Structures are given as structure tokens and as C-alpha cells.
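First comes one chain, alone, set out as C-alpha cells in the form predicted alone.
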């Protein structure tokens, strides 16, 4: 699903990604671990086309990534932005109208799946951090994309919320969806991921716990 070939990315004189290569197989959950500033988020932004690489090439589902975001991809990166004075349902409905691939019923179903009430009129600005995170997950998965990129998806969730989202991610994998998960929570990585990669100072290596690793 994802092929990364000798990718380097720098900002001014600081190299954030240094000659990274690796491949991520379809239908699995792949974990990326590393401390803050290790390059995880920048790598995800390059994969989805938000940042252009300096050198190297990234392919998603066989297509070279350019400045445009690849098709059929769901994303959570950093703090997702919503229209603050709208309800969660209206936010998702507005996002869904871009492609018109799903309707009201599908939006209701995905909100229920992540533990939100589609009939709740509360504006997003009044949402708790956990509710915002659930809404972010809903927007990432609602159109059943082939690939989902998640940057710290459990942020702000309580224990029961974490358990619910883990189940959703495992169900998505069972349906053949590929998930790339960046997290600093060891338990998420251990419970969810089929392969694990470690990033440090802009370099990415296969974690020793992997049975298989494509480089």
C-alpha cells in the first residue's frame, strides 16, 4: 500500500527525515513509534502529500505521491480543524459533501460507532477533548478509505474510549483497510500493530519485535 524510497526532508538547515526507505503491506496495521520531534508527523504529512519531499519517492497504492493528497485516504494529523459553531453531524455532513460518497445515514452510523450522538446539537467548540478526538476519528473512517493515517489517535480518550477505538481499528483491518498508526503508547502498538517501525532523529528502522519487515 505504501512504498517509501530514499526520502529526505529538511527545513532550512535541519534534516527531519534522512534517507528513509520502507514498505507497508496492504490490510495490516503498521505502527510508528518515536519520541516527539523524531519525524513521525512529518513522514505522515509527506505520505499524504501535505509536504513535498526534498529527495526520494513515495508511492501510495501504486501511484507516486505529488503535492496533491492521494485518493481514498483518511487522515488524523495533529489537531483536526472543525467549524466550531456547528454540531459534529453538520461538520461531517459538510466534509462528506465534497465527494458525495456517503449520505446522512452513513454519517449517523459512523458517529454512533465512535460513541457520538448524531442528534446532539451542541457546537463543536463545546466538545470535550475526548469528543473532538472521536469526531476526528469519525471523519477519518466515514468514507471507508483504503488507507488511514493516524497520528496519536488515542489522545484525550478515557480508558473505555481507547478500548472502543482499538476495536474499531481492528475491525477495519479485518475489512482489508491498511492503517498507519503513529503513537507513543506502547500498549496501542503491542495490541494493534502487525509491524512496528521506530523513528529517531529522522531515521526509520524496523523494530526488533517484528517477525517481518520490508525495507
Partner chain sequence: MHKFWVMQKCASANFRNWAVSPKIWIITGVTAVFSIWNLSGVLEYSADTGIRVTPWVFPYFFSMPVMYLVYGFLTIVLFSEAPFRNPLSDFMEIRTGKRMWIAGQCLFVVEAAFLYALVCFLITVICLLPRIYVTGQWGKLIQEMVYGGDTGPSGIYFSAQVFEQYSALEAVFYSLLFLWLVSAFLGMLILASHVVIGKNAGDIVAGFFAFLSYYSMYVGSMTFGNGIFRVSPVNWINIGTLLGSKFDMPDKYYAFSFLVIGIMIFSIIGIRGYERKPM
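Everything numeric in this text was worked out from a predicted model, so none of it was measured. Numbering follows the first chain given and starts at 1.
The form predicted in complex with its partner chain is left out here; the points below concern that form.
Enquirer: Within a 4.5 Å heavy atom cut-off, is residue 105 in contact with its partner chain in the predicted complex?
Expert: Judged by the heavy-atom cut-off of 4.5 Å, residue 105 is well away from its partner chain in the predicted complex.
Enquirer: Can you work out whether residue 66 and its partner chain are in contact in the predicted complex, taking contact to mean some heavy atom pair no more than 4.5 Å apart?
Expert: It does: once its partner chain is placed as it appears in the predicted complex, residue 66 has a heavy atom within 4.5 Å of it.
Enquirer: Although its partner chain is absent from this view, report whether residue 52 comes within 4.5 Å of it in the predicted complex, heavy atoms only.
Expert: Close contact exists here: in the predicted complex, residue 52 approaches its partner chain to within 4.5 Å, heavy atoms only.
Enquirer: Is there a heavy atom of residue 118 lying 4.5 Å or less from a heavy atom of its partner chain in the predicted complex?
Expert: So residue 118 does not count as contacting its partner chain.
Enquirer: Kindly confirm or deny that 42, 61 and 182 each have some heavy atom within 4.5 angstroms of its partner chain in the predicted complex.
Expert: Looking in the predicted complex, the three residues 42, 61 and 182 all stay beyond 4.5 Å of its partner chain (heavy atoms).
Enquirer: Just to make sure I understand: among 98 to 130, which residues lie within 4.5 Å of its partner chain in the predicted complex, judging by heavy atoms?
Expert: Read in sequence order, the residues that approach its partner chain (within 4.5 Å, in the predicted complex) are 98, 99, 125.
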